[in-house]
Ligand SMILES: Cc1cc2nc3c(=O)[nH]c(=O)nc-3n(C[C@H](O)[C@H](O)[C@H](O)COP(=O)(O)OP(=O)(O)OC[C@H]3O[C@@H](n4cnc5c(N)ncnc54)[C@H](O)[C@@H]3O)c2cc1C
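In the block that follows, a single chain appears as C-alpha cells, in the form predicted alone.
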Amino acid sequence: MGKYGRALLKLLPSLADIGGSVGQIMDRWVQDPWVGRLIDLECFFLSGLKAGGTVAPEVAFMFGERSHSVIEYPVGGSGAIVDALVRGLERWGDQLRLNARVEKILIESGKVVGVLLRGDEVITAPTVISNATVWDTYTKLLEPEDLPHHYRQAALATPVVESFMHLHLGIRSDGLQGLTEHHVVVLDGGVDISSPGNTCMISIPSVWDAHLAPSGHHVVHAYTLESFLGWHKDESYSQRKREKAESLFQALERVIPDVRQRITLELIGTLLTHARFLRRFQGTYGPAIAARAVFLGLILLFLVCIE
C-alpha cells in the first residue's frame, strides 16, 4: 500500500469494472450484435466462459498486449519451453521425475509430510504443491478427514468447465503454400459458440517451425468443447469417438478443403483420454468461476488479510 497506494486510489472510479465481467462493460458500450458475438468468442478462447462470466481485467490485458505485440512462437514448439524450465530447475539442484504417479499426499498431525508414489515409494517434503485439479486433489490424493469439512465441500462444489475433443493429424504439405498457423472456425453462426462441436480451434505449428514435422508434412492440432456426460468405454466407444470428431474435420476443411485425402497419421483424443493421461476430473479444462464469484472471493480474501 505504501508503494502503490496512490496508483490504487486512481483505480477507485473503475472499481466496478475491475471487479466485473466483460459482459457488463459490453452491455454499456457495444450495440452491434456481430461485435458482441466476437467479444463473446474472444472471452470463450481465454476463459472457457463467454463475456458475461469472464473477468474484465483479464481480457483488457489480452487486448492491450495484442495492440502492440507481435506473434511469437518458440523454436522447437512448446516442448522447448518445458526443456528450458527443466534446465532452470536442475540449475538450482532440483530434479524432475517423470512417470512418477502420486497416489497420496501424506498428512501427519494435520501437516503435510510428503507424497506416496505408485510402488510404495515415499518422498518426504514439508510442502507439497498439487497441480492436479481441486476435485482430484481433494478426493483422490487427500482423505476427507485431511481437510475441514465445510472447506472441502465448498471447494468440490466449484463449477467445472467442460472438456474437449482433440484431433491430432500428420498431413502432406504439398500445395499448401501460404498456409497460416492459427484458425478459429465457428461452424454455425446461429448456434451458441459454447455449444459442443460448434467452435473449433486449429493449430498448425509446423507452418512456423518445419522441424516439428517430417519433411513434406505438417502437424495439425484441432480441438472443440465437449460435455463429459454419457462418455464411458464400451463397444460403441470407437464409433462415438469418430462421430464426435466429425465437426473438427469439417472445420479443418474450411481451411484445407482436401485435408482428409492428405492424412498420413490420425489420432483422436476424447474426454476420457484427457481424464486418463492428464489425471483431470472428467477431463476438465479447469474451474468455471464466473467474474462476480471471482470479485467476491477477492473481497473476502482482502477482509481476511486485514483481520
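Being a predicted model, the structure only gives us computed values, none of them experimental. Residue positions are given as counts along the sequence shown, with the first one as 1.
This next part talks about the form predicted together with this ligand, which is not shown.
Taken together, Ala100, Ala132 and His274 are fully in contact with this ligand in the predicted complex: each brings a heavy atom within 4.5 Å. The candidate stretches are 146 to 154, 164 to 172, 227 to 235, 212 to 220, and the one lying within 4.5 Å of this ligand in the predicted complex by heavy atoms is 164 to 172. Contact check for Leu278: a heavy atom falls within 4.5 Å of this ligand in the predicted complex. This ligand in the predicted complex comes within 4.5 Å of a heavy atom belonging to Leu141. Of the residues in 231 to 268, none comes within 4.5 Å of this ligand in the predicted complex through any heavy atom.
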